[in-house]
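In the form predicted on its own, a lone chain appears below as structure tokens.
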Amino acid sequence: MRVGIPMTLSFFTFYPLWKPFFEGLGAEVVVSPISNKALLDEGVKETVNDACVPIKLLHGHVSALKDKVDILFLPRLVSLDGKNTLCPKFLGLPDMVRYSISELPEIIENRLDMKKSRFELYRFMFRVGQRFTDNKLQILRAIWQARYNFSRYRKLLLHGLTPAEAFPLLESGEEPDKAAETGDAIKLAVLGYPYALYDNYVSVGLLKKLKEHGVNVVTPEMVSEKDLKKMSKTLPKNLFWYYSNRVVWAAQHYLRDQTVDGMIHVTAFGCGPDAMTNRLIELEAKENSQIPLMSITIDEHTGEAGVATRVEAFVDLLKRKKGIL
């Protein structure tokens, strides 16, 4: 049995959980290709015009997978922390894909809603596992292995690695090298949703460009759950959406921590929650700190040269401010 997982949206959050889980059930995991122009063009053709770039790209990933797998894994993600809800497009994702793309294989679209119980993730995995085998012991063993792998993944991100850096270490079992951060380099907090930050095509290689400029980069995934929870109590009211809240809380953490020289917020054109997320971060940066902030909006027409010019100018400004240029 070949299970297809699109390399976008929740991929950068949960792939290290799903991969060992399905392999423990005896399935072969097939991942869609790295995002590229052809995938996005295919997604634009398949989906509605007012969808955001990540949703259009998802349709391209599904199209690339549909003839190569026996079953597609597109769960209906409702809540991942028991409190906040994912954006409406995540909730309707299986339906949106089913009615947009023809001749799809079977879809696993089980609902994951952590508001039901703190153990709902394992119940969800058990229900999915029953579609592959009646052997309860095999399902429990697969869940245990997946849980171990996912816990190690989270520790690698907190160590300062990006998903692209962490995935090979999970496969090899090697430990990360010591952090190469130097005291006199610029340190930037790059904020945004995982599927925007860590997808090189969507972000037009932003993280790579910053590292080429000798910048130390930190992201929301490098902030501990304890610190995020602490920041959730600093605003009069939080937003409704899971990923948006984590971006705002991470921004709050870096603003108050005062260990970064600047912040970049990557937003997706057409993303409703991002309109409020970006405004909140702007207000907090303006009122509570002197840390410079730049917003970069991405869409299917974003040019790499334009982003590179803006990033280079922003980094030069920060270096001059710090007296190292």
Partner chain sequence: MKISFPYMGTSHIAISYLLENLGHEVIYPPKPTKKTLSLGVQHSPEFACLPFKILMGTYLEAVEAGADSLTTSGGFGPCRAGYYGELHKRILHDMGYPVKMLVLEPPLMAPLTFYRNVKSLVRPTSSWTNFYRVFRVAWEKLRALDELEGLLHELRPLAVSKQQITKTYERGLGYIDDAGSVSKVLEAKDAALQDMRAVPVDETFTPLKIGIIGEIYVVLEPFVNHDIEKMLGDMGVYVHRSIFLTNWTKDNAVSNGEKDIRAMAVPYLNQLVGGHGQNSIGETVIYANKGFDGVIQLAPFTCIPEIVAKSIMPTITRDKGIPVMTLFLDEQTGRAGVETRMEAFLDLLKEKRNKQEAI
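Model, not experiment: these values are computed from the prediction. Positions refer to the first chain, counted from 1.
There is another form of the same protein, the form predicted in complex with its partner chain; it is not shown, and what comes next is about it.
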**Request:** Could you work out which of 235, 164, 140, 158 is the residue within 4.5 angstroms of its partner chain in the model of the complex, going by heavy atoms?
**Result:** 235
**Asked** Though its partner chain is not shown, can you say which of 293, 260, 280, 40 has a heavy atom within 4.5 Å of it in the model of the complex?
**Response** 280
**Asked** Thinking of 49, 85 and 91 as the candidate spot, does its partner chain come within 4.5 Å of a heavy atom on all of them in the model of the complex?
**Response** yes
**Fill in**
Counting only non-hydrogen atoms, the one stretch of 146 to 154, 239 to 247, 131 to 139, 196 to 204 within 4.5 angstroms of its partner chain in the model of the complex is 239 to 247
**Partner proximity in the model of the complex: residue 67 to its partner chain, non-hydrogen atom cutoff 4.5 Å** = no
**Message:** Can you work out whether residue 286 and its partner chain are in contact in the model of the complex, taking contact to mean some heavy atom pair no more than 4.5 Å apart?
**Reply:** yes
**Message:** Would you classify residue 297 as touching its partner chain in the model of the complex, given a 4.5 Å non-hydrogen atom cut-off?
**Reply:** yes
**Asked** Does residue 107 make contact with its partner chain in the model of the complex, using a 4.5 Å heavy atom cut-off?
**Response** no
